[in-house]
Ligand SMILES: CC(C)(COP(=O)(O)OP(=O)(O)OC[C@H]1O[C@@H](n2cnc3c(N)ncnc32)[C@H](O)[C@@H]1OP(=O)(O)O)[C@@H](O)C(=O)NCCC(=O)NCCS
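This document starts with one chain, in the form predicted on its own, laid out as structure tokens.
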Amino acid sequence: MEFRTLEHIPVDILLETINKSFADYIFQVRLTPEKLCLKIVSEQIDLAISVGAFADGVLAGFILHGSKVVDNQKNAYNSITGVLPEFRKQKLTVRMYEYIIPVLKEQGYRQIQLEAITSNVPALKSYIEVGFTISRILECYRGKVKQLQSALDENIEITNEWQADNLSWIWDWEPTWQNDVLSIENVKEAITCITYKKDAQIIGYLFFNNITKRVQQFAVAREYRNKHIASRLFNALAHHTGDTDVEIINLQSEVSGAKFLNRIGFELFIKQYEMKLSLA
């Protein structure tokens, strides 16, 4: 088995290997060329710090890493890891990290983070063996949003003109890598923003990715909660999406709003651990 970075691997080979690796996964994962390219742009995936395991020239396993500067430190993000079924039980994930961690350290990276499904025991064992530790528990939901009202609230605006970094004052917790401000701004053309305004100020909002069909952020200012503003935001989303299945991934477990999400049509489908590895 040979290990090397992926900057010279064609995207179509990556796509084929990803889909074969996840053909028997816990839930359906099948990327299209459009979704893979969107993922690469949004999560700032850098193939020069990503790694592959090659068997006789065939890509047998991979780790795609994103790259961002956070608080003046270079951080990497394991966006997706996969191994073809016929090459499993060879500790390829551990071996790929043994190859790429020195590369990341040499380039000044201080941390790697990732999400792993809580029931995916083999993956968790591999990440723990590498040295990752759990930082928080996340919840992922999917469903068809219930249209609670036939008309939109007069304070609702559906727009493609917004600035995500101006809304962080509303947060109770920091979004994960896939849903942070930069990941959203990177694919702004795919995002619809639904806002709720009071006296011309946004006090609640929702970001929806029209390609992945995911709500990437939603929040209501603390002093305006329990006033049905979130219901009105999701009612507007129901008008926008129609009968489409929608996902909301990586909500921090303690503040996910599970009862509210269940009431408007969402069901929990997986829990994940956010895990981090210090390279300092």
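Throughout, we count residues from 1 along the sequence that is shown. Note that the coordinates shown come from a computational prediction; the quantities given were computed from them, not determined experimentally.
What follows is about the form predicted together with the ligand, which we do not show.
Among heavy atoms of K125, some come within 4.5 Å of the ligand in the model of the complex.
Although the partner is absent here, I194 lies well away from the ligand in the model of the complex, with no heavy atom inside 4.5 Å.
E115 belongs to the set of residues with a heavy atom inside 4.5 Å of the ligand in the model of the complex. The ligand in the model of the complex comes within 4.5 Å of no heavy atom belonging to A76. Looking at 116-124, 199-207, 67-75, 164-172, the stretch with residues near the ligand in the model of the complex, meaning non-hydrogen atoms within 4.5 angstroms, turns out to be 116-124. Contact annotation for 63-91: residues with any non-hydrogen atom within 4.5 angstroms of the ligand in the model of the complex are T81, G82, V83, F87, R88, K89, Q90, K91, listed in sequence order.
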